[in-house]
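What follows is a single chain, given as structure tokens, in the form predicted on its own.
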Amino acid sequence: MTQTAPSREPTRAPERGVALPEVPGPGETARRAWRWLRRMSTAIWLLFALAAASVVATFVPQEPVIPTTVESWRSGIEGPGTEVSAVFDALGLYDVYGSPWFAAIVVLLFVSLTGCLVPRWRAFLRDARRPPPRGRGLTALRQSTTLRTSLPPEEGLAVVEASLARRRYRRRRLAQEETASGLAQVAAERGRWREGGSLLFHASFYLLLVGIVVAQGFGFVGQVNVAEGQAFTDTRISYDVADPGRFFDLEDHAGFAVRLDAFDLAFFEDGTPERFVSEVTVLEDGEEVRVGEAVAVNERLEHAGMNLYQMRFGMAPRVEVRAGDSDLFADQVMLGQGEGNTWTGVAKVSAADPQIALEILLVPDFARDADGEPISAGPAPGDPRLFANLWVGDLGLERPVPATQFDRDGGQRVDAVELGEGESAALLGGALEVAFPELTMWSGFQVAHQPGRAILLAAGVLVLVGLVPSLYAYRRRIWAEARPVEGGSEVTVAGVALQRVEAFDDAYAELVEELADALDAQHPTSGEPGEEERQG
């Protein structure tokens, strides 16, 4: 009975499926993100994003600073329109520094800089503790010189070591059994602070960011104008312009008062202010605690953590308006500078119906030009003259408009007056009386709480301290070996520069010349250029 072998079908290779992309797990994703954050290029891009956000905050009104303008943009009265304003709102552009995405950029930037700097500092400190490396094949280096001296090997190396010490090299003495050549050796190194300076320079930017965050978060800047004899109190409502930090609250104001007692003003011959100094008194709870303090340009007054700076000045004539026995207005009107040494402004006399306002032009030193028009002979008060137009009607005085503005379209000019200092005159046939009793000055102050100044100063100092060694220092290494010969020894000196090779060539030549004199060497010989340029 025959048996047939079982038939075998040809084996088919298994069909290959579509290769799926490798999906990293959570741990690998975190490692990749950390490697990305540790790159210096990432820190630069984050710095660019931070700068771009600051530019946006410059052109888009910020709600914590000027809420009225933001409300006008949202309502469409001003700005790019309600649709664009809604996009700005959704992106948080009306409060850039308080938005979550800005906080995320700041946090990522700090993490990135930390990841960049900490490993570099660790490597630098580890490298700084290492002794200078031993040398080998000294005669093969490009900078290599052999000096023959009558001194024995140990004394010859001692001379070399003393010379390197004077040049502030870090030195290491190696015994014969520690070198490849079997000769005693001096290894020296200098210039590690090039890397240290670079690290200080980059660390200063880290500190600079810390100072900016502290200053912006906990600082305060306010501006206020005060007329002579008047005072302001360090509360939020007293400032004409206030820019508080994110974490500077209302209760952080010190609450002291500053009274402007006098204002000293002098001009150069060309009309440029020579000096303007405010004499102030500081009061706490109604009691004078600092009297006769001077505040001038570059001369600030510091009190209770606040710095008072002199910013600007102007003229503030005292104006009085009466209607019969009733006093409608009696105050100093702080004017803004106009053309030709003149000062202009508005006295809002009455917001009742009908509204009354005086449009004022003050000429500090009255004179007339060739056409008979009033001009000021100079910027300093001499013969002050006040010109006022009386406006009546719906002038918009009930609205919160700036002190120098009113709605001319809603009213009409009904009378005018010209007054010298100490004079008065009747208007509207005697219905009103306007007086100009005296001319005073007003002073503009900036009040600032700056908690990050010390940090910013330290960062600026570190920039300079780190910049000098990173620009001028360079790594270089020197080795010396002494071989005993008849009548003395041969001292071989070799060196290599890791940066700034040209500068090292000159320094090496000076060192060899100094050693030749110190060793009283005969016939110095230079080694042939070799392939080795670096020792490690």
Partner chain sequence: MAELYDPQFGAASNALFNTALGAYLLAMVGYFFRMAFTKVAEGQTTATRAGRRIGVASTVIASVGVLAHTASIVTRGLAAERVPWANMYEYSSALSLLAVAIGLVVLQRRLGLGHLMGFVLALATTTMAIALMLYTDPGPIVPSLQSYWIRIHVTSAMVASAIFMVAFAATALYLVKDTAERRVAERSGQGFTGSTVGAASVTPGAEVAAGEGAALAEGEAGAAPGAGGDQPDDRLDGDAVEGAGYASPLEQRRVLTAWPFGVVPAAVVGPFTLVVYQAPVAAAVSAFVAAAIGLLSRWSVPHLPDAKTLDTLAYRTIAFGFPIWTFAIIAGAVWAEEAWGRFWGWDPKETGSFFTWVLYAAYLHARSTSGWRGRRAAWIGVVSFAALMVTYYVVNLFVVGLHSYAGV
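Computed from a prediction, not measured in an experiment: that's the story for all the values here. Positions refer to the first chain, counted from 1.
The same protein also has a form predicted together with its partner chain, omitted here; what follows describes it.
Only one of I360, L141, V282, M315 lies close to its partner chain in the predicted bound form, with a heavy atom inside 4.5 Å, and it is L141. Contact with its partner chain in the predicted bound form, judged by any heavy atom within 4.5 Å, is made by just one of P273, P152, G81, G292: P273. Against its partner chain in the predicted bound form, the set F48, L464 and W479 is in full contact: each member has a heavy atom within 4.5 Å.
Residues within 4.5 angstroms of its partner chain in the predicted bound form, judged by any non-hydrogen atom, belong to 120 to 128 and to none of the other stretches in 120 to 128, 323 to 331, 240 to 248, 366 to 374. Put simply, H202 is close to its partner chain in the predicted bound form: some heavy atom of it is within 4.5 Å. At least one heavy atom of V496 is located within 4.5 Å of its partner chain in the predicted bound form. For V297, a non-hydrogen atom is located within 4.5 Å of its partner chain in the predicted bound form, even though that partner is not displayed. Looking at L457, you'd find a heavy atom of it within 4.5 angstroms of its partner chain in the predicted bound form.
Residues of 501 to 520 that come within 4.5 Å of its partner chain in the predicted bound form, judged by any heavy atom, are V501, E502 in sequence order. In the predicted bound form, the CA atoms of L467 and F110 sit closer together than in the displayed form, by at least 3 angstroms. Note: L467-I105 Cα separation is 3 Å or more shorter in the predicted bound form than here.
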